[in-house]
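The data below hold one chain only, encoded as structure tokens and taken in the form predicted alone.
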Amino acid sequence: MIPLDQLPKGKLAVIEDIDSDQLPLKLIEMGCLPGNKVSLIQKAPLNDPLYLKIDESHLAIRKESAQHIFVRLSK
């Protein structure tokens, strides 16, 4: 498992675990849940924020929040 902020651009992964105490509730409500597929679409300058696709939703999250979401690369 790797933190979401280390996911390579264009790679598909599955969310394995989240640190719900450190993650804003709004991100959990928007689909940052274990079992959901995620891919990194783009990083902003200075690598913050990250533009992601989680299942069929698109959202941008801060690198600080992404460090509390752990993913496993899909094959």
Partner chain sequence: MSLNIALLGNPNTGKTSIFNKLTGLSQKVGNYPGITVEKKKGICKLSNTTKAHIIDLPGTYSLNASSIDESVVIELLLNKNNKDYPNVAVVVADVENLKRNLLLFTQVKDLGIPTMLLINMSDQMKRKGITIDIPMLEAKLNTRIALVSIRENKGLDLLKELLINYRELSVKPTIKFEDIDQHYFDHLKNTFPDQQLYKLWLLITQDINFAKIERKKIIDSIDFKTQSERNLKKLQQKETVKRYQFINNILKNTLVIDKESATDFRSKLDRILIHKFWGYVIFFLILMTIFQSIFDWSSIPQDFIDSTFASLSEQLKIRLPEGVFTSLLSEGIIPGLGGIIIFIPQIAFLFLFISILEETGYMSRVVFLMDRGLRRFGLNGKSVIPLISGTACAIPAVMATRNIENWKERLITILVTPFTTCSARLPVYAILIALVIPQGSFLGLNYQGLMLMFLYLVGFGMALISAWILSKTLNIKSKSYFVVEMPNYKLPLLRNIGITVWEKTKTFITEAGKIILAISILLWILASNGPGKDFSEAEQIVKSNHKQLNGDALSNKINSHKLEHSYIGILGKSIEPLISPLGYDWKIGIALISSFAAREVFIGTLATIYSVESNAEETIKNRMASEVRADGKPLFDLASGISLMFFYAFAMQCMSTLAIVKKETNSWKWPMIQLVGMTLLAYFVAFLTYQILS
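Positions refer to the first chain, counted from 1. These numbers come from a predicted model, not from an experiment.
One more form of this protein exists, namely the form predicted in complex with the partner chain; it is left out here, but the text below deals with it.
- At a distance threshold of 4.5 angstroms between non-hydrogen atoms, S20 is in contact with the partner chain in the predicted bound form.
- Of the heavy atoms in L59, some are within 4.5 Å of the partner chain in the predicted bound form.
- Not displayed here, the partner chain is kept clear of V38 by more than 4.5 Å at the level of heavy atoms in the predicted bound form.
- Applying a 4.5 Å heavy atom cutoff to the partner chain in the predicted bound form picks out Q42, K43, A44, P45, L46, N47, D48, P49, L50, Y51, D55, E56, S57, H58, L59, A60, I61, R62, E64 from 39 to 75, in order along the sequence.
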